[in-house]
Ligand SMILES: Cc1cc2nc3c(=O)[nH]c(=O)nc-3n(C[C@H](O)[C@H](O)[C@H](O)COP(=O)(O)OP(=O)(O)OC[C@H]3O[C@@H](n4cnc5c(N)ncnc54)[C@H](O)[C@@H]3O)c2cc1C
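A single chain, nothing else alongside it, follows as structure tokens in the form predicted on its own.
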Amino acid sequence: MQAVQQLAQELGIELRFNSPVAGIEVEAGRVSAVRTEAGERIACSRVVCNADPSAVYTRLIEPRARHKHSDRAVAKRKQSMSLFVVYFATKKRFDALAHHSIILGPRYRELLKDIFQRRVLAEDFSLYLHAPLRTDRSLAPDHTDLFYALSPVPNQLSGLDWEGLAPDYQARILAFLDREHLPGLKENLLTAFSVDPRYFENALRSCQGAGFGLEPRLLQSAYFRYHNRSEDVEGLFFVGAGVHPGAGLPGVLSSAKVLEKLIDKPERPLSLPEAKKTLNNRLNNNARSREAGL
């Protein structure tokens, strides 16, 4: 991310951090401005949005500007499951563990039914266990280890009380890992914290706290996902997991390549060397003009 930030800044792109968007203004069917929660209004003719389209349409754009993606239409779409993720560090290294581990619980089909149909928090779970230090030791001091354990859970349509459930669920996951996969975890645990569907719904503004945008059903996959160019608002474009062609790293990168072909380019943007050369020429011309008294 630091490399992407540096490249963007070298190309003259202004980055705004901690500037949540409060609304997208639409005039005569076209994007006209973006409003931030701090009260700033940024006039524009195009918006490229990496946020969840379900949330963007229902939270950021007035109903009068939406015909295809009305509140009713968005509500009919099925959102994916959510996630409970425990992050933890240990003072002992578990070098035998691979970078990626998929740990399947005793049930499979029935667990999926608990998540997607019954929308209950099951007693058992399947986990994805991530150990990033296997490929990058610079992330933590020597002799320590870092992990996160991801558990699929129902999204916020479940009505589960995560305020009360989260501490016990985190403890259950850590106890299971200590017992089955990371022996000695309990006595070597340095710190631990977790995020649950509330984080995805509030901090990440994901509709219903979904972890992966729309559920990838047949009629919500590929072309049937949200389109990269908004049908309701001219000048509004989408990239990311929630739109065509789909979630996952290849899908997200492909959505950006699709968008590259959709947005009209009035003129070819300058490359970084060309931009620097043009800027230097202008500065030199201005200096010569001042010397000549022009």
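Since this is a predicted model, take the numbers as computed values, not measurements. Residue numbers run from 1 along the displayed sequence.
In what follows, reference is made to the form predicted together with the named molecule, a form of this protein that is not presented.
Q: Verify the contact flag for residue 122: yes if a non-hydrogen atom of it lies within 4.5 Å of a non-hydrogen atom of the named molecule in the model of the complex, no if not.
A: No, residue 122 stays farther than 4.5 Å from the named molecule in the model of the complex.
Q: Can any non-hydrogen atom of residue 29 be found within 4.5 angstroms of the named molecule in the model of the complex?
A: Because no heavy atom of residue 29 falls inside 4.5 Å of the named molecule in the model of the complex, the answer is no.
Q: Within a 4.5 Å heavy atom cut-off, is residue 94 in contact with the named molecule in the model of the complex?
A: Judged by the heavy-atom cut-off of 4.5 Å, residue 94 is well away from the named molecule in the model of the complex.
Q: Using the partner position in the model of the complex, report whether residue 19 sits within 4.5 Å of the named molecule, counting heavy atoms only.
A: Yes, residue 19 sits close enough to the named molecule in the model of the complex that at least one of its heavy atoms falls within 4.5 Å.
Q: Counting any non-hydrogen atom inside 4.5 Å, which residue from 33, 51, 65, 48 sits next to the named molecule in the model of the complex?
A: Checked against the cut-off, the match is 51.
Q: Taking the named molecule in the model of the complex as the reference, which of 78, 198, 172, 205 has a non-hydrogen atom within 4.5 Å?
A: The option sitting close enough to the partner is 205.
Q: What stretch, of 111-119, 138-146, 79-87, 163-171, brings heavy atoms to within 4.5 Å of the named molecule in the model of the complex?
A: In short, 79-87.
Q: Can you tell me which residues in 213-233 come within 4.5 angstroms of the named molecule in the model of the complex, by heavy atoms?
A: Nothing in this stretch is in contact.
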